[in-house]
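Below, in structure tokens: the form predicted alone, a single chain.
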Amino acid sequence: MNPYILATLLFGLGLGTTITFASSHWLLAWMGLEINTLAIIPLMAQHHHPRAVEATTKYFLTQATAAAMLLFASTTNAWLTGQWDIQQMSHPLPITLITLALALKIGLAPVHSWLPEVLQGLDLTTGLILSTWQKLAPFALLLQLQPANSTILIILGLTSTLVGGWGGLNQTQLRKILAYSSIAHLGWMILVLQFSPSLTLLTLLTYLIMTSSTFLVFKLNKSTNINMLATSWAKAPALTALTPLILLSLGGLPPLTGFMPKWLILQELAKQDLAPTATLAAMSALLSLYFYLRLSYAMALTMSPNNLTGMTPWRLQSSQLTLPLAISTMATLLLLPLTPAAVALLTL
């Protein structure tokens, strides 16, 4: 792709998200989301592969539906209450509609089925943008909403953690596994959204760091399915030794960074007298942990059959920048001791 066009599209991507961040008016927020969607579509379809074009079309249709629903709900709100301010939402109907529209935008269950399909059709770089940057603007709006009743968010959160766990169990494609992992993590964030928005923000931040390092590892190894992971030891032995730890951090095992948000969320849910919800969420984390363990096993504990000459790839120097990978990997593995500092910062 032409660097000028790429720069313009990335600028549009940043601008759309920033407009949504800065807006207090529903029309402006909707406009930011639309700019965001229109900027990422050429990035998704740039390889002209039938799978990529199909994924782009699916993405466009779901995002357009969600945006239309958001516009409809905010207009309904203006009609019912006479104002467009995001902070001043009072009527339960538009609040519920907007929550569902934003759930469709980020891919929460039960409106999640577009996400694995779309992610599978993209290359890992665009997949990384879709799994991280594209979640920021809808979350900025969700954090500003005052939910009319807490049940809808808890139902969305629990469904997402369960679907994200179940869906990834029988997958062999890494991008689909990461999509289900994303659904499960978003479910955790939504569960605690109304009780502690700062905790949702912390979870989102750790999710962004962990997902970035996972995508960058797979990109460096050029791996797209589990079988290709088994040969990655020949490409980057040190990284192959660290990757199971990154995956277990995504699964939320102590003493890795991924344990921090899960621990704090379960604690918050228990404080709110939601012990059954916390138990269900913790049990669903075990489902996710299973497929992370499967990836770790395939990567570090098995040797691929070496009967073919071409099975073991050459150890060629990668052209990918390794600094982002190094920083995100360290953050994914070592931030748990900073939990008190993170909590203190977010509760200022």
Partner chain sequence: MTYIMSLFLLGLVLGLVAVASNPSPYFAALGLVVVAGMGCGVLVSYGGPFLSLVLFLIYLGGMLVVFAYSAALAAEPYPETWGSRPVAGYMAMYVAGVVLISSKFWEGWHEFSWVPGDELGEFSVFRGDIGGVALMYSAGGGMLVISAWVLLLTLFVVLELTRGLGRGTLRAV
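In this text, all values refer to a predicted model and were calculated from it rather than measured experimentally. Numbering follows the first chain given and starts at 1.
There is another form of this protein, the form predicted together with the partner chain, and it is not shown here; the text below is about that form.
A residue is said to contact a partner when one of its heavy atoms sits within 4.5 Å of a partner heavy atom; Thr347 fails this definition for the partner chain in the model of the complex, lying far away.
Contact annotation: Met69 falls outside 4.5 Å of the partner chain in the model of the complex, judged by heavy atom distances.
Within 4.5 Å of some heavy atom of the partner chain in the model of the complex lies at least one heavy atom of Ile35. Within 4.5 Å of some heavy atom of the partner chain in the model of the complex lies at least one heavy atom of Ala45. Partner contacts here mean any heavy atom within 4.5 Å of the partner chain in the model of the complex, and among 61-69, 288-296, 275-283, 35-43 they occur only in 35-43.
When contacts are defined as a non-hydrogen atom within 4.5 Å, all of Gly12, Leu28 and Met31 contact the partner chain in the model of the complex. Residues of 43-57 lying near the partner chain in the model of the complex, listed in sequence order, are Ala45, His48, His49, Pro50, Val53, the criterion being any heavy atom within 4.5 Å.
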